[in-house]
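A lone chain, given as structure tokens: the form predicted on its own.
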Amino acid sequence: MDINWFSADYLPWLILFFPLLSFLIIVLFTTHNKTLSGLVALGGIGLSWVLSMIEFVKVVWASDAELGHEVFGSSFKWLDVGLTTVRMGVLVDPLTAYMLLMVPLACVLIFVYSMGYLRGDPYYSRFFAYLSLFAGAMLTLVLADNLLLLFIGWEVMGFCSYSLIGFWFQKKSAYEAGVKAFMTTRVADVLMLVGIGYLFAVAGTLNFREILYNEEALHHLLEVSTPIIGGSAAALIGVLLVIGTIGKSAQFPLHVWLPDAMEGPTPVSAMIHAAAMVSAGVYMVIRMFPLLSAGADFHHGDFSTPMVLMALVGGTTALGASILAVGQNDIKRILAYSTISQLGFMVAALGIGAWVAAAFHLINHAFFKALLFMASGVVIHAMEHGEHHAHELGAHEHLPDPPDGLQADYVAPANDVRRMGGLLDRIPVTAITMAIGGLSLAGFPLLTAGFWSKDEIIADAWHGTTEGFPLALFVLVMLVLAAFLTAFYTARMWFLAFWGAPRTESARYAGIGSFRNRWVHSRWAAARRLEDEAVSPQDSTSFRLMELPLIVLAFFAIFAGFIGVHEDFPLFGLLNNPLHHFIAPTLLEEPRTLALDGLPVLVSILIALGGLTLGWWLYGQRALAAEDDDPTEQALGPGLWTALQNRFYFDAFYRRYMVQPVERFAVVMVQAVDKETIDGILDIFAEIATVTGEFFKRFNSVVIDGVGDGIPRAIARGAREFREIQSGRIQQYLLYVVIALLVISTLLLYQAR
């Protein structure tokens, strides 16, 4: 076979290879050298990013093939299974190429950020080893040409998320969160694996092109009926695959693991929420959409079972998570619930057939959510340094000791937005870039990426509603309410963190990075009349490494959305919606473009501005002082506020009615099976063995040792007795002679008789 590694067919192998190679090099050779480990990891993902860009250029502009109908890729024979052969390979179609624009770039920025964030951590090398494996697994999943290889990448990511969420394993809450994430996602993964196995049994292949781009194969899956739910095999398989996404992308009711995943380092949060893990779940259902929608005619209101499931779960998740985000005070948990909500937008969009809109929002969300998470990491770093600096200046604040394990309503002091305030003056770069990310998340009209993709989803739901589809109406109502709350809690988070005066000594002395030292200190600080003692000495290298990715991501949080603007939109549509035309050939039947409707655009603008205005009205026009109560808490009342902070008691419910019964069952099983049955049987065997051993011990002692040792002892005793005959006394010898003569004479007389 003639292999050219730099052709568009084979280059994808190198893209996923280098991060995996970095993992091996760090684990085997550079563990004790932190700097080298970081550089190896960055070099690996950097090469993948460069090769991804080359691949993208090759497949889009340097090829005469019509991408979609003709794809790039290669495969090799892996194993024989009965009458068929399983092949492993890579595939680059429009959807893959689109993902290659985001995943490696986001990973590179997260790696750079991590080099500053984890600077000085004793487990620095281990962190970059896991992070490299995480990135390699996500690229494997994206480039896979079949469902089995996708699932392998899927599971490796599950292991990496477990290891990285519990990275600071000395904290009980961290390793508990890692276990919780691992076990919760395993529940869904098992059902997803059943679906994959059933698909292989029915279709005889797991190759995407042979199933998803093959009308005959899809028709066959529709014709095969299944007795379990009375529908087609396609419907059952689709439902099982969607359940896999519900676990991976933390959708209702398996959403409980993602907020606790914030126990991991912030770069891990950015990785999970933007470039891997939860994005993988949505990517999988986008990839498998032809199967999930098989038999449906959603343009006329006929939705398949998996689509209905996605619409109901996605819509419920989008609204429910946005409600929970309103009641959070931990800056990372606000963003975590935001991620769950935004993923619900995408899943719900797929449920009503808005395939392009879901893919569009997936990429935009990755950019602005990575930005928001990394900015929150800078905020937390600054607050921690502020606390230390305040302590050095004698302004120490009494902080409660952290709990020993996971607690739903616990907020670490450095993460608590109520303890912040005034950080705009302390970390202005972070404040400005986080404002850009927040506006994009809120869907600020026309100028942010999040507006265009969110508007696309709402436009599809609006169109379905006008056609009289109840499912589209449900999705529209849920997403509109969720979008309003998203804008509100984003404004609340930003104003509480950055606006007004510092509400604590930690915020007053919060760290200021390199940017301030060069420019802000001379201009911004003078303009704001900051006090010199409010400057906290910082590691400028760390902050430089952390701020640079924020600036790059802020650019994409604004401009990434312009590639998907409707071609009829005034002024902004001049690009002619290149995204739609590029990725549409991924599907066998290209999705249609809806006519531009001004009403859903107006609705998107009103809900975004409405939520932001409400947030500004409550928290911006008069900044919250340290002694003020939270307006949202006052408006909701203590009961509802406590319920929000305790996540509507879902965790407590699961703990009480699922985890604890299983634990009690496990204790009973341990007692009944292990202690009484298995241990009892083993005790009987032990008793039998003991008795048998004692018998052989005695047999050995009495018979073997008795005979073996008794004969020589008897001979020795006889020899000693016989030796007494030789005493040297003549009288005794004569006596023996007389006795012998008497005996002999007696015998002779006896014989002669």
Partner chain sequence: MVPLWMFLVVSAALFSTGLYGVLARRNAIAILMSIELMLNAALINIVAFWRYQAPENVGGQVFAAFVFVVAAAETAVGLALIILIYRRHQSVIAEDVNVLKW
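Computed from a predicted model, the values in this text were never measured in an experiment. Here the rigid core means the biggest group of C-alpha atoms that line up within 1.5 Å when the two forms are laid on top of each other. Numbering follows the first chain given and starts at 1.
Heads up, the form predicted together with its partner chain isn't pictured, but that's what we're talking about next.
*Asks:* Report yes if any heavy atom of Ser727 sits within 4.5 Å of a heavy atom of its partner chain in the predicted complex; otherwise report no.
*Replies:* Flag for Ser727 set to yes.
*Asks:* Heavy atom to heavy atom, is Leu24 within 4.5 Å of its partner chain in the predicted complex?
*Replies:* No - in the predicted complex, heavy atoms of Leu24 and its partner chain never come within 4.5 Å of each other.
*Asks:* Quick one: does Ala740 come within 4.5 Å of its partner chain in the predicted complex, counting heavy atoms only?
*Replies:* Ala740 lies outside the contact set for its partner chain.
*Asks:* Wondering, does Ile744 line up within 4.5 Å of its partner chain in the predicted complex on heavy atoms?
*Replies:* Contact with its partner chain, no.
*Asks:* From first to last in sequence, which residues of 732-748 have any non-hydrogen atom within 4.5 angstroms of its partner chain in the predicted complex?
*Replies:* Leu734, Leu735, Val738 sit within 4.5 Å of the partner.
*Asks:* C-alpha of Arg723: shift of 2 angstroms or more between this form and the one not shown, rigid core aligned?
*Replies:* It does, since the Arg723 C-alpha is displaced 2 Å or more between this form and the one not shown after the core fit.
*Asks:* Indicate whether Leu24 shows a C-alpha shift of 2 Å or more between this form and the one not shown, with the rigid core used for the fit.
*Replies:* Leu24: C-alpha displaced by less than 2 Å between this form and the one not shown.
*Asks:* C-alpha of Tyr733: shift of 2 angstroms or more between this form and the one not shown, rigid core aligned?
*Replies:* Moves: yes, 2 Å or greater.
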